[in-house]
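The chain below stands alone and is given in structure tokens; this is the form predicted on its own.
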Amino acid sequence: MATLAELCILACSEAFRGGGEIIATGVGPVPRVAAGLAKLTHTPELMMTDGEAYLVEEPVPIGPRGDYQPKFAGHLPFSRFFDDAVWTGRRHAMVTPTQIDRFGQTNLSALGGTHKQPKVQMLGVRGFPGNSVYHPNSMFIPAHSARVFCAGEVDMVSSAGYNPAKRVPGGNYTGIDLRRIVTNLCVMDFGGPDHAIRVISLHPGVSFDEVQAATGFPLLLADAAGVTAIPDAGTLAIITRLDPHGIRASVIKDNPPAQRA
């Protein structure tokens, strides 16, 4: 029986569908396995890194590698990664921010208080500002709640979104390309008015009202919204190959099944 984490991996892999010859970067176990699944199934032209300094065409399994030797396709040091992929838009990253607001602005930096003295100091904005304006981005959230999908604006804008109030006349915002958000409850995109977040599929047994109650701003339900697909036996075999140590089981609390009772 498929787990909810495995359902999320399949849903996340769809974010990379048809991406072309770009680098698919999944940050965290579920997005990382999802990028590999996309490469091995519907989008074979994707490229990815080994997580260190090399470009690979064969996805590298996560966790301890044992006797496994990555099959390198090229050297990809940090500086070249920026020049050849990030700044040219030939990358699609899937990340897990701490906060997301209605128009896709995210926060990875600080919570509450002021910018000089926040209540909680986190990682800082890291590469989020540049990533958000140079290449496509998607997100994975393992615990959908109103603390993550916050009312109003995020406490600290770490990456740009579609907020019309932030648009300066004459500014170039064509590089902002937010694709999908996959959570433990649903799959969303930015197809609402002014690119607002909307729900495009609900996980098996989840209602739209439940998703709305766990979200701090009004959501839209796409006209064609359906039920998120559960991975079949063949897909589960690929997921196991990419995560041989079962790290995915620790991502969502209690590792529930994909299909609710």
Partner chain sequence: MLDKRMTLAEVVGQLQNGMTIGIGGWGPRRKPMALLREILRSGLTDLTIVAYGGADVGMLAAAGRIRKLVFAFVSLDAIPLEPWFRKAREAGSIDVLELDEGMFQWGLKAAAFGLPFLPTRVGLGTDLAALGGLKTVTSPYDDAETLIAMPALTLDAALLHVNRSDWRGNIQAFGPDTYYDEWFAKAATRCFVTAEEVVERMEDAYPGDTQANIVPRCFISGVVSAPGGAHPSSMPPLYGWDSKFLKAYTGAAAAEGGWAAWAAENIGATEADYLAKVGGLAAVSALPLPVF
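Under this definition, the rigid core comprises the largest set of C-alpha atoms superposing within 1.5 Å between the forms. Everything quoted here is computed from the prediction, not taken from an experiment. Residue numbers count along the first chain shown, from 1.
Keep in mind the form predicted together with the partner chain is missing from the figure; the text below concerns it.
Heavy atoms of no residue among F140, P142 and G191 are located within 4.5 Å of the partner chain in the model of the complex. Contact between M156 and the partner chain in the model of the complex is found at the 4.5 Å heavy atom cutoff. Of the heavy atoms in K166, some are within 4.5 Å of the partner chain in the model of the complex. The partner chain in the model of the complex is not approached by G89, whose heavy atoms all lie more than 4.5 angstroms from it. Not displayed here, the partner chain is approached by G63 to within 4.5 Å at the level of heavy atoms in the model of the complex. In plain terms, the part of the chain that comes close to the partner chain in the model of the complex, with a heavy atom within 4.5 Å, is 52 to 60 out of 222 to 230, 52 to 60, 35 to 43, 196 to 204. The partner is not shown here, but in the model of the complex the stretch 112 to 136 reaches within 4.5 angstroms of the partner chain through a heavy atom at H115, K116, Q117, P118, K119, V120, Q121, M122, L123, G124, V125, R126, G127, F128, P129, G130, V133, Y134. A movement of the C-alpha atom of G152 falling short of 2 angstroms is seen between this form and the one not shown when the two forms are aligned on their rigid core. Comparing the forms between this form and the one not shown on their rigid core, the Cα displacement of R126 stays under 2 Å.
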